[in-house]
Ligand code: FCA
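Below you'll find only one chain, the form predicted on its own, shown as structure tokens.
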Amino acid sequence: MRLLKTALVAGALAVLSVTTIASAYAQDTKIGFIVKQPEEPWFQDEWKFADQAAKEKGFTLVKIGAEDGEKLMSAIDNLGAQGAQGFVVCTPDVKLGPGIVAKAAANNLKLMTVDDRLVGADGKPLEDVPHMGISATKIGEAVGQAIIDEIKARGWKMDEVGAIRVSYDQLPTAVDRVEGAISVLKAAGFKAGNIFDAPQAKTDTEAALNAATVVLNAHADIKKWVAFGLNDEAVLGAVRASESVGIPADGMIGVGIGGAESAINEFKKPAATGFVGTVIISPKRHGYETALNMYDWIANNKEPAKLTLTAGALAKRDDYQKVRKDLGIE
């Protein structure tokens, strides 16, 4: 009996020791999460869900905003100086890829990207860097189909409708999204000559409003419009522009991408606006799962998949709460 008790105590101590070591290791683990536009709701949500992973696993999460290449490189050096072991990044410029990889290696940091995939000098993706992103073309196609369905529901004649392509062509993801939408529009009989480019200086609502206003003023004879772009902010900017030139809500069909707080707030307004829907892409996976993957890579030497693509779901004013719940956001 004494031997049995001794064995049980020894076993319990061994389990306690392993648990204590694992807990201590987690406390020593420090992971950076760098985003290009920390003020945007999407990135705020990514950070929120990354914080969840940090609390669950007990590691330290260092959140850094880096709006340009210089700030990004400084942030990586800062993480290295803090003793971090790795970081997740959404870069302000995908063409910085080789420099980011080199800087991470110089600081002995593991590297994973989220949202925007790094490219090399030849413009091709750096496939050795683990990445979680969105099937941009498919997301864009979903936007295009939502627009076509709404055009039909309103009984509009396709050749009387103008389309605002709110563009940010220096970002490949942005190009893929809008071109995906355009491919569906054209396949449904939308006139290519009625699709107008509205290049935005930044990926926020104000820049999109300014860009879309130029298009609307240049084509004041068109009274029915649709709008699409990189994200919700791009489309909200186009909707605000349409309102500013006197186009009523029933003369605009805007479908965004992201399902950000700005889109949800639009749905909550007492009266419907020209922003009719958003293809929600869950920031939960992009924040929580990438942070968790980085932790597993550091703690358990389990490298993340080289490429993970997430999907989206269309949400409208009358069903956005259910869609968010189905995606695990609420």
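For every residue, the number given is its place in the sequence shown, counted from 1. These numbers come from a predicted model, not from an experiment.
Beyond the structure shown, there is the form predicted in complex with the ligand, which is absent from this document and is the topic of what follows.
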Accessibility of shown form to the ligand in the predicted complex, site-C-alpha superposition, 2.4 Å backbone/C-beta rule: open
Distance check, residue 266 to the ligand in the predicted complex, heavy atom within 4.5 Å: no
Contact flag, residue 116 vs the ligand in the predicted complex, heavy atom cut 4.5 Å: yes
The ligand contact at residue 275 in the predicted complex, heavy atom, 4.5 Å: no
4.5 Å heavy atom contact, residue 63 to the ligand in the predicted complex: no
Position in contact with the ligand when the complex is considered in the predicted complex, options 107, 137, 194, 203, heavy atoms within 4.5 Å: 203
Heavy atom within 4.5 Å of the ligand in the predicted complex - the one residue of 36, 30, 285, 57 that qualifies: 36
Listed range touching the ligand, judged in the predicted complex by heavy atoms within 4.5 Å, from 289-297, 267-275, 40-48, 66-74: 40-48
Residues from 225-241 in contact with the ligand (non-hydrogen atom within 4.5 Å) in the predicted complex: 230, 231
